[in-house]
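There is one chain below, alone, in structure tokens, taken in the form predicted alone.
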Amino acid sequence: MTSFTTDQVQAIRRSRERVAKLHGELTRYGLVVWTGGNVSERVPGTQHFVIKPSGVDYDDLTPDNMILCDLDGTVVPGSAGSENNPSSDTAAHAYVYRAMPHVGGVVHTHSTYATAWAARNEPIPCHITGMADEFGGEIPVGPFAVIGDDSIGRGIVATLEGHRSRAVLMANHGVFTIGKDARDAVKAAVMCEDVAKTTHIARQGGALVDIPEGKIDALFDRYQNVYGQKPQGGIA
């Protein structure tokens, strides 16, 4: 079994706990059905990530059956949960972590409204201030790719590199989101479905109205850099 320091063992445990718990947010917000979807998190201070096991009911997910993988997507032998197969999307998550060192969390869902846009291979246009806040513009469509190797991961990276969106609609498939950690990526998945639904409903009533020129940048900057509370210890 791979040797870890005491600090790394503790970090792995914390990631296991977070990832197991965050899968509950996918069901809470109606982003998944049955055993579909997955959350992963890069373990701070290591070259590993934690991801859910394949085909296990959400109610049965625990920290101890989350699966620890290296950044090639190989399960760490002898680690907790290693007797189970990892998520079928593990290779995609691993590719994202290797190619995008700033990413600390990845989420995949087949949420209804966002996946409907993916089925049309149509980006979600930015006509809502909340979408400008969160994504800084449209949510793009990535290429069609099948599960089984890192093809999906390559498509995610190629689409999101240089793009402000933290969500991508993989053509004819579903949603992948990235974040600074797993919670941040889950938030992006929740917000992606919300704007997909609102924009779909709005379009049924007629043509969508553009946000005034330049305001998307201003909204994104304010939300990313001003909105919310200062970290503890910050200047009041």
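Owing to the predicted nature of the structure, the values given are computational and were not obtained by experimental measurement. Numbers for residues come from their place in the sequence shown, where the first is 1.
Although not depicted, the form predicted in complex with a further copy of the same chain is the subject of the following passage.
Checklist entry - For residue 222, is any heavy atom within 4.5 Å of a further copy of the same chain in the predicted complex, or not? => result Contact check for residue 222: yes, within 4.5 Å of a further copy of the same chain in the predicted complex.
Checklist entry - Closest heavy atom of residue 95 to a further copy of the same chain in the predicted complex, within 4.5 Å or not? => result Residue-level check for residue 95: no, no contact with a further copy of the same chain.
Checklist entry - Should residue 127 be counted as a contact of a further copy of the same chain in the predicted complex, where contact means heavy atoms within 4.5 Å? => result Within the cut-off, so yes.
Item to check | residue 180 within 4.5 Å of a further copy of the same chain in the predicted complex, heavy atoms | outcome: Flag for residue 180 set to no.
Next on the checklist: Need the contact residues for 186-223: heavy atom within 4.5 Å of a further copy of the same chain in the predicted complex, sequence order, or none if there are none.
Outcome noted: Residues within 4.5 Å: 186, 187, 190, 191, 194, 197, 198, 200, 201, 202, 203, 204, 205, 206, 207, 208, 209, 210, 211, 212, 215, 219, 222.
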